[in-house]
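In the block that follows, a single chain appears as structure tokens, in the form predicted alone.
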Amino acid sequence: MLHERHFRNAANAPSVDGMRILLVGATGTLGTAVHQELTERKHDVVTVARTGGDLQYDVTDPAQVADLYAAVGQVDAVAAAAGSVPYKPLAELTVADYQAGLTGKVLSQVALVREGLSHVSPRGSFTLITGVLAREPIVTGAAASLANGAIEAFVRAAAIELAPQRINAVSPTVFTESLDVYGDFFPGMKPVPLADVVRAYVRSIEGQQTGQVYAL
């Protein structure tokens, strides 16, 4: 009986073959790698960035997020692979800096979900990006920690209302491939290969979990 139920549930699961995926932040280091992997897995990926990709939109502007979905139409999944936050010593962070972090990483991704509810298929998914600073703070990273923690809390809360649509977050530490540039900002922290982060995106998009924060 257990085996029969298992196969019946598997048969009811949506196909992961050839999904149409909206990838935001597609021209950065992570976005480029995610795009390549999803394309190799035979998905139809629509790429978005401010100045590159298939479509050019600034997702920190809610009006442009609405225009983006109007242009793209229906998709099976939305994945965000970029978000901007300021890095400054705590005493130097201004109200404008905190607002920039919230706008650049939190509200932009929340808008992708809010506007995307009617554009993502009924069993489709959202994958957002956070980062290690939600759980492992660094000097100059208060605004980033605030933004990452907010997104992770949002993902857990949204998951209980979105079903059968799904939502998860990918929360990596510094990329191994970026240690030469950013390694000094993450002293003593174990880096993660970019390929492992990309696999977390695949797990979120093609899998069945929701409300998860994939910490790497």
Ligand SMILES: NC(=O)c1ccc[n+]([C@@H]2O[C@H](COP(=O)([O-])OP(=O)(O)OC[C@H]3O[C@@H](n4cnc5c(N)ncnc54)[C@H](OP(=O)(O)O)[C@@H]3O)[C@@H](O)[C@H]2O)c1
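Note that the structure is predicted; figures quoted are calculated from it, not measured. When you see a residue number, it is the position in the sequence shown, counting from 1.
Below: the form predicted in complex with the ligand, not depicted.
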property: Output flag, 34, 134 and 150 jointly within 4.5 Å of the ligand in the predicted bound form, heavy atom basis; result: no
property: Interface membership of residue 28, the ligand in the predicted bound form, 4.5 Å heavy atom rule; result: yes
property: Contact label in the predicted bound form: residue 58 to the ligand, heavy atom within 4.5 Å; result: yes
property: Interface membership of residue 120, the ligand in the predicted bound form, 4.5 Å heavy atom rule; result: no
property: 4.5 angstroms heavy atom contact with the ligand in the predicted bound form for residue 24; result: yes
property: Among the candidates 75, 113, 142, 129, the residue which, in the predicted bound form, approaches the ligand to within 4.5 Å (heavy atoms); result: 129
property: Any residue of 140-166 that, in the predicted bound form, places a heavy atom within 4.5 Å of the ligand; result: none
